[in-house]
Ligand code: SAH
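Take a look at this single chain, the form predicted on its own, given in structure tokens.
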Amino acid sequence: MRHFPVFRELRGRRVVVSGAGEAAVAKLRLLLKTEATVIVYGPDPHAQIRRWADEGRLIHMPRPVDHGDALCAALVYGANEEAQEDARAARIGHAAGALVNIVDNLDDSDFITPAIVDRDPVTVAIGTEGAAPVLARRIKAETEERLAPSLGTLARIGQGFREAANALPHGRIRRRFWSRYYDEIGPRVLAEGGEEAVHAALDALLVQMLGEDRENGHVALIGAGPGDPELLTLKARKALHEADVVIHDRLVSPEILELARREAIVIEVGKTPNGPSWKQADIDALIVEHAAQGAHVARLKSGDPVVFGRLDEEMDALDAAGISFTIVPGITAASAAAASIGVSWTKRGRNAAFRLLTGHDIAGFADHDWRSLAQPGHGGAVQPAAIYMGVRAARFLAGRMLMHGASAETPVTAIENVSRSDQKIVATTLDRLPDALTEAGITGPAILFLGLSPRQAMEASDLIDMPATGVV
């Protein structure tokens, strides 16, 4: 984002426009909607500028802008349609400390003027940083159609009622009050009885909602997927958007957290291997604390919460506190990883089962039925498995598998940062696994696929095992 969108206060401020031709008229159509004092400098003004001046809507000075004319101005526009004169106006504006815009000159402008949908006091600004004005106009037209002309009136009435509405508890109940006003009661009453009826309806709605019982809190235990926000389910997006409090794991991506409401409280409860970590009991208590206060809590877990997510402990804590919850499943990292290397978990003639394993448990490196894992299946290869949290346990895992008879040439694929822009794929073999991860700089989070190779390698060799190491 090159230009950061802000709304600048212009009430009672001066805005200087250098130039009085067609380009100036185009800018003035927007500027005259503000509460600024607009002064236009330029000889031989456009007829429309003369009319606006006669109506007292702006001040016209029939000469070029000069030093001192921009003192105390908030904005200066160069609209002379002549590069040298616009550059002179820009120097005058900068010397006075004003922000300067040169019409059709993005690089020499301090700010840009977006396309605007005006439903005063509701204003929608649409900018493309000069890249696609046609697209901006199309978005403006579509937005104009979606926003009813009465929206501005409803917003102005609501603005005057905000102090009274502060009597409602902050958070969901207050949002529900405004939603009912803007989506249902306000438009209907305004159409039927006018503005006075809307004021009365707002008073009645406030009294009604103040008399309602306090809303209970609720927790959505959400699978945030492997990191790509496009892999988040629609149900997860809705629950995240509605949340008052967002409590998330360290591995939940910033792009997904961006989908939360700006006013939501966002808390990271990260667990770092061999580093600072939240205790699970403290996470449980934090979730319960916020929900008990009436908040709707989004508990974001990387991947799918039912896969190595310590979900049961959080559900037990919520049950004990009498707090309702829902589980929103997500795409687990193993599914996204399989998609990223073009393989399926199961394949006819190869395997009829697939295992999800962890490299760590509460006691350290996780122990498994190694003999069963190492036992050859169809075609003499091991049965495929996905190993979560297996990077630090790689040497232990490889050693146990080899000790129980697995072939040293058994393919293993590691996928780090699954589905993200910095995803890395390492294809190797069981005996090379620890060294291959070290050489590739794999530190996690990563999924290890035991017995599976990336599709392109399988097509090249037509073999399940792949002794060479490759990094993608």
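One-based numbering along the sequence shown. These numbers come from a predicted model, not from an experiment.
The same protein also has a form predicted in complex with the ligand, omitted here; what follows describes it.
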| item | value |
| --- | --- |
| Candidate stretches 191-199, 125-133, 307-315, 160-168 - the one whose heavy atoms come within 4.5 Å of the ligand in the predicted complex | 307-315 |
| Residue contact check: Gly93 to the ligand in the predicted complex, 4.5 Å heavy atom | no |
| is_contact(Thr429, the ligand) in the predicted complex, heavy atom dist at most 4.5 Å | no |
| Contact flag, Val412 vs the ligand in the predicted complex, heavy atom cut 4.5 Å | no |
| Contact label in the predicted complex: Phe177 to the ligand, heavy atom within 4.5 Å | no |
| Option touching the ligand, based on a heavy atom within 4.5 Å in the predicted complex, out of Ala70, Leu433, Val418, Val40 | Val418 |
| In the predicted complex, the residue from Leu397, Leu75, Ala298, Ala333 that sits within 4.5 Å of the ligand by heavy atoms | Ala333 |
| Stretch 423-446 - residues with a heavy atom within 4.5 Å of the ligand in the predicted complex | Pro445, Ala446 |
